[in-house]
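Starting off, we have a lone chain in the form predicted alone, written out as structure tokens.
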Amino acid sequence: MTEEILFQIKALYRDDFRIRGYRFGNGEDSVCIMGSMRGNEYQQIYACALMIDKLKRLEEKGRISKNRSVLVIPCANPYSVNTKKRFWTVDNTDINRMFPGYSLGETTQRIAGGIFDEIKKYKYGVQFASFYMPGYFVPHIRMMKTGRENIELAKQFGLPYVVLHHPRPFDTATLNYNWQIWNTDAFSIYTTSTGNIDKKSAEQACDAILNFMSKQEIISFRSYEGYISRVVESKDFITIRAEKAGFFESCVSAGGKVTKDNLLAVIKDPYTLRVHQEIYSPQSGIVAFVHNETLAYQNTAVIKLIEDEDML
């Protein structure tokens, strides 16, 4: 394992901004694994640290294939982590909306550009991603529908779901989208949490990546078949919204099974605790996403379901 400074910006009044990468093996740029881009993505940093530990042990045993190289970048935004801000500390911009970057642009454009210059050459790209809304997700692989997505490759991770996402205009400035445009097979992995560490789902995600790399003959690893992944379009998720603002009490967990008319959540008046809304499942399915903050605001998506009419 070698530790490298991939990108650096000189600072006037504090320590320099540095993005560190951890490289395993030698030769062809095979896989790049990207972690946190936002200051609250602690789970994503932890998952990368776990990945580094596993790859280090594989390398020590000589199980990185000859002429193969793997790069892990745990964090692309350490300043925001240090100041407990989700986005860039100065202007509140999102690095993952600045790709492919611009070396003469604003700070976050230069950071994205510096990162992308280093990683756009990789054959496979995997990002530990987080959702734009606070909540818990069922672990899954997500891909942008650019016309270059490879569904069969995504299934080789062995996670329960492969979610295909139709890019909106602002999605065209994300890492996943631009990786695909620059001919990298790109995948976003969503684990259960973001701001809290969930060791079980982080372990599942790391093992899925090792499973994938084994099938591509990048590492020697006793892979497992995992799940037969179900392919789902993000537009087909059943989204349930809060009718009124209030305290949010979930009755289900991400990944859980529900049948029609199951109680999913309750929203209460924050002053009187009077029940504003009882949320019932409109049909049978799998809970894909659950809001996880104390308050839910009116018209906020608090539950997302994956339809499953054959579930008993």
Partner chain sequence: MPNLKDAIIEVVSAEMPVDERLMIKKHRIIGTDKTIGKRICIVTGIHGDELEGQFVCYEVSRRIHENAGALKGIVDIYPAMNPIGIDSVTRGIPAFDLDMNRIFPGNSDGDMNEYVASEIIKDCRGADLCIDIHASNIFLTEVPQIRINELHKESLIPLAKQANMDFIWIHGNNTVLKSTFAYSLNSIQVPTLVVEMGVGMRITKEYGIQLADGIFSLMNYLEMWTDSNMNKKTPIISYDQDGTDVIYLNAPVSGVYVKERDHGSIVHRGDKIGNIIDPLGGKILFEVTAPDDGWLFTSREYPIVDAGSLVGRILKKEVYEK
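Positions refer to the first chain, counted from 1. This structure is a prediction, so every number in the text was calculated from the model and none was measured.
Form predicted together with the partner chain: not shown, discussed below.
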Self-check item: Partner-proximal stretch of 41-49, 281-289, 28-36, 266-274 relative to the partner chain in the model of the complex, 4.5 angstroms, heavy atom
Solution: 266-274
Quiz item: Closest heavy atom of residue 241 to the partner chain in the model of the complex, within 4.5 Å or not?
Solution: yes
Quiz item: Does the partner chain get within 4.5 angstroms of any non-hydrogen atom of residue 227 in the model of the complex?
Solution: no
Self-check item: Contact label in the model of the complex: residue 236 to the partner chain, heavy atom within 4.5 Å
Solution: no
Quiz item: Looking in the model of the complex, any heavy atom of residue 245 within 4.5 Å of the partner chain?
Solution: yes
Self-check item: Heavy atom within 4.5 Å of the partner chain in the model of the complex - the one residue of 164, 218, 173, 153 that qualifies
Solution: 173
Self-check item: The single option of 182, 122, 116, 88 touching the partner chain in the model of the complex, heavy atom within 4.5 Å
Solution: 88
Self-check item: the partner chain in the model of the complex - contacting residues of 101-128, heavy atom within 4.5 Å
Solution: 104, 105, 106, 107, 110
